[in-house]
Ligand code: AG3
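Below, in structure tokens: the form predicted on its own, a single chain.
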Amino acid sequence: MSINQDEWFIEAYDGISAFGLKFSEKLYEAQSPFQKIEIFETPAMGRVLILDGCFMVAQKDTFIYHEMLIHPAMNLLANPRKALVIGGGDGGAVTELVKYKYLEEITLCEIDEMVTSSCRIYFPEVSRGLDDTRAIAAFEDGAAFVARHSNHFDAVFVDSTDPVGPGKALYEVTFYQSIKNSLRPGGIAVFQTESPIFMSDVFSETVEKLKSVFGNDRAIPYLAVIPSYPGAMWSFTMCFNGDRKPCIDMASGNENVPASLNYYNSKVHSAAFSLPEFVKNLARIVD
């Protein structure tokens, strides 16, 4: 089979691999002050959001990413009231958070308002949580925003892009320290930490930085499969602001789990923290 470049969008990663989708229509293209934004209609994955040439949202699998970013931490927290999402301009993380009725304040801090405005038009099912009365949007640099808050949030979710361009500051130790300082005692922060297969150096270095800030036994990676991301195997790291070694087990039938999720459940929760040996080695985890 041949590929007609005029009908396909292909993301090449680091000159060594590529992922592509045939598209039926380009719905949107704009250059924001921060990045190039493109939205395509594709037969295989529905609408897809591309930022600076990289897949960020695909309708067919975005529920996996957003559910696994949000729900494992939310179901380990006791009575959380305030949550912050840094990045995540598509609104998907906020849409998962509004499913928790006891949350009183849900803040989205996104540097690029054009990402959010375009997603509200072209991905309304992903961004609908932004219409919730508890949702607050702040369009500014996430590192600067969180540095102004101390002992404020019960949960912080860093839904960042790759460590290039506007996302680079979200991979620095000073940023991780600001995140920890922004958490109330017992709070949890979750970071997307890239592919252990194609971005093993970034994964390993990020986990080590998080351990240096939160503690060796309080920065715990877990995995999910995101087909539209490089390598498909994708990592998150959950970090705890507390003195005790955290328990990642969730009892079956946890009453906090929202109804009608498409991926996450109690067994998926437990399985996500069961890491393959090569991932444990990259994260320097010793049983």
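Numbering starts at 1 and runs along the sequence shown. Everything numeric here is computed off the predicted structure, so don't read it as measured data.
Another form exists, predicted together with the ligand; not displayed. Remarks below refer to it.
Asker: May I ask whether Cys54, Tyr65 and Gly88 all come within 4.5 angstroms of the ligand in the predicted complex, judged by heavy atoms?
Answerer: Affirmative, all three are within 4.5 Å.
Asker: Report whether the minimum heavy atom distance between Thr107 and the ligand in the predicted complex is within 4.5 Å.
Answerer: No, no contact at 4.5 Å.
Asker: So in the predicted complex, does any heavy atom of Ser127 sit within 4.5 Å of the ligand?
Answerer: Heavy-atom contact with the ligand at 4.5 Å: absent for Ser127.
Asker: Thr95: heavy atom within 4.5 Å of the ligand in the predicted complex?
Answerer: Result no; Thr95 lies far from the ligand in the predicted complex.
Asker: In the predicted complex, is there a heavy atom of the ligand that lies within 4.5 Å of any heavy atom of Trp234, even though the partner is absent here?
Answerer: Because a heavy atom of Trp234 falls inside 4.5 Å of the ligand in the predicted complex, the answer is yes.
Asker: Heavy atoms within 4.5 Å of the ligand in the predicted complex: which stretch in 192 to 200, 96 to 104, 208 to 216, 70 to 78 meets that?
Answerer: That would be 192 to 200.
Asker: To verify the annotation, which of these, Ser118, Ser178, Ser204, Thr161, has a non-hydrogen atom within 4.5 Å of the ligand in the predicted complex?
Answerer: None of the other options qualify; the answer is Thr161.
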